[in-house]
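Here you get one chain, nothing else, as structure tokens; it is the form predicted alone.
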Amino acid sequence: MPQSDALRAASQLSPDNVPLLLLLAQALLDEQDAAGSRETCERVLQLQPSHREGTLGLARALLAEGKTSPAAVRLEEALRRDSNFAAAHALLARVLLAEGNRAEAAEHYRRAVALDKNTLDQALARELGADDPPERPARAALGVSGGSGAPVSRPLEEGEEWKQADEDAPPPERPPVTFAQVGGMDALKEQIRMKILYPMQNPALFRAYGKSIGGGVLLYGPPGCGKTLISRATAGEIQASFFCVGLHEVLDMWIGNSEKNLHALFRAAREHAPSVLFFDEIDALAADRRDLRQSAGRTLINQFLAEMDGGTAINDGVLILGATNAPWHIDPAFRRPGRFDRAVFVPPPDEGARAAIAEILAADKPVSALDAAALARKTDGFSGADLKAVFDRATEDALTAAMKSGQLVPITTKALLQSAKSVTPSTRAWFESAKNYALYANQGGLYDEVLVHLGLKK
């Protein structure tokens, strides 16, 4: 059952529930029903005419329908009420670009990023960089696209000021999660202990043998199997500072800033050692340079390699973890000793791990007499994210029934097993691709663990 059906049923019982209507509008848009999303947002604005998210949702739906002029009018109204509405600036940039107004679109995009870095969109930035955007105060190397689409720069003019990218280091986390909060995965945990934790916990012993503490470890495997969670738990086990790096914290549309952002992250990790510097979706930052056409991406990769080598500072006590679903797209230079020379395969949870994950997912829900073992047996090949989807669908069905009856409806094992039938394991497509790489492009035995998991190697 599409998510919108359950939300629509719930909204019929509570027609004036604005948060619920906004969820329904987003679900309809995700399901390509732009007209339905627009009508739902219009209902929100009937209830609350100046609602920010309702206005933004309506503009998104109008843009999806190709109605750019009405979308622009709505966004301009929102910005007149609040000129610092970053999401409205970002969406208006898309609308204006669709209308061919590239210069004004670039202005709104730059304003959005200045207000909120979470609005950074590299694809949109590249589209806006196809022609020269309007000048703005810049750093010593301000990236402005020339006619070839490659970034160019101009010197910082007298009197101009710009905040340097590496002045602000992100604050470290102290993850409360440890291996005890990670369901199952005992073999993987022990592998991480041997490769990562014991060296960090016994630095004097390793230094006595001339071994530095830290280095790089690549976590790879199908999506949704807990690479991020296990990275946080690794930091929690050794009570290390944890830096979780998203693409928006590194990539910048202005030339030289991505490299400065990356340097700032490494510098912060060194200052807070022992620390764990975690790069999710690292293939986006460490792509094979043979696949890159523009020099900007190559420069960032070179900076990344230099930081890992510790050319500008010592990385002793800094553990660099990279997670990827596509290790075959990473530049081979990152596999050199001293960089990501250790690789850990993160497989889908086995039956025991699935039962443990089910227990964790059921802990904060009204589940009646959960038979975690039965659910685990029926969900072979499911990732942790797939199991969460099973619980989410069963929860939506129970919540819909509860709204109709006005009483709490418990989630049963039977309902969870029924929900599991409607969820296709997301790991299957990954293994179809990984099998080919493991069989025919397995340099240095990197994918041997994949072959063992598939039963193709002992």
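Each residue number is its position in the shown sequence, starting from 1. Source: prediction; values computed, not measured.
Quick note: we don't show the form predicted together with a small molecule, though the next part is all about it.
Residue Cys225 is the only one of Cys225, Leu319, Leu92, Ala106 with a heavy atom lying within 4.5 Å of the small molecule in the predicted complex. Leu229 is the sole member of Ala362, Leu229, Val344, Ala306 with a non-hydrogen atom within 4.5 Å of the small molecule in the predicted complex. Only one segment in the set 369-377, 352-360, 259-267, 326-334 has residues whose heavy atoms sit within 4.5 Å of the small molecule in the predicted complex; it is 352-360.
Contact check for Pro175: no non-hydrogen atom falls within 4.5 Å of the small molecule in the predicted complex.
Residue contact check for Met185: one or more of its heavy atoms lie within 4.5 Å of the small molecule in the predicted complex. Within this chain, Asn84 is remote from the site of the small molecule in the predicted complex, having no heavy atom within 4.5 Å. In the predicted complex, the small molecule sits within 4.5 Å of a heavy atom belonging to Gly384.
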